[in-house]
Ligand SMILES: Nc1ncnc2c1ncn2[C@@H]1O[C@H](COP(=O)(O)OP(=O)(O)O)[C@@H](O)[C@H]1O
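Just the one chain here, laid out as structure tokens, in the form predicted alone.
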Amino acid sequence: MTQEPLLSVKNLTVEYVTPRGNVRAVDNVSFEIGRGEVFGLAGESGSGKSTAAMAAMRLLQPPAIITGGEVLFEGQDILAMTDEELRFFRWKKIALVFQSAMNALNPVLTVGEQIADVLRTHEGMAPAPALERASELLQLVGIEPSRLKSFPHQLSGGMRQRVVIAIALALKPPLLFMDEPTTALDVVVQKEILQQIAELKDQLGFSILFITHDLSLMLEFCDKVGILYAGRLAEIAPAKQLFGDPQHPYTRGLMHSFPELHGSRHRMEGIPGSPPDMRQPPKGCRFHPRCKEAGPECELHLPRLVELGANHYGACVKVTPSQIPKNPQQKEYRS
């Protein structure tokens, strides 16, 4: 019997209202996150990664509006929850680790007060037990309890990010959304943070939605990866499979945009052009103006995700299941 996913996003659509009309930033995006799984969303800046995550938690503010889709957590639709239900749901079921720890933390409160505030608000803890639990959470993420009385500006970038992770884990949620949690950190601290997140995931058993534009980092950390381009999913596959056999031209372009640490030297190739203006996206495939493999049919058809192999889905008219000997039958991706 197949286990139901912890989170199921189905045909999520988000638009921004502007004086010149609505801009669709997330367009019919669908994916699933299993229990204990790390699912990555990758893509260039402006591809819709953070918007999709914020929409799934109902954290978007006007002019952003959710115009379609479902976001099911353990079968319950988050988009249909009342404000009171959301107040109970957030942080207890899904917690968010923001990409800029300094901006996420209150500069005039100690880190101990900020962790304790979550516990007092959601668990009704008295001040003393809340601070004691805050001390335990700091130790959990590798920070000395003596730092409870420190203000954010007194901590290094890596320590501030660990504090944000401690706050997210305070209520033991089964799912974490991590929006570029290692941005602006040097590579050594970045590695330490990711190693600690992996250890905590194994220890506590939570799942992760991991958002980044760094595909090399994502392929190392995630179990499964979705590639977003101009608000639409271009490809979804297990991380190892995506690394060894990327099918979409955009995915291959991203793969060639970072150097390999081992093997022979070769010239890196970037993706020409820039992401499209979402006020007037290209007709047909949104990637075709930058794609070296594009043909006339790419300007006519907006491809949908179809099954290319076991757990491997792509949205490209140039790559059809008939080209994949192992799985010749076309199947749309849960949309």
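What you see is a predicted model; the values in this text were computed from it and never measured. One rule holds for the numbers: they count along the sequence shown, beginning at 1.
A second form of this protein, the form predicted together with the ligand, is not displayed here; the remarks below concern that form.
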*Which residue among G69, G46, P303, P281 has a heavy atom within 4.5 angstroms of the ligand in the predicted complex?*
G46
*Which of 305-313, 28-36, 292-300, 49-57 has heavy atoms within 4.5 Å of the ligand in the predicted complex?*
49-57
*Just to confirm, V23 within 4.5 Å of the ligand in the predicted complex by heavy atoms?*
yes
*asked:* At 4.5 Å, heavy atom to heavy atom, what parts of 185-213 sit next to the ligand in the predicted complex? List them in sequence order, or say none.
replied: none
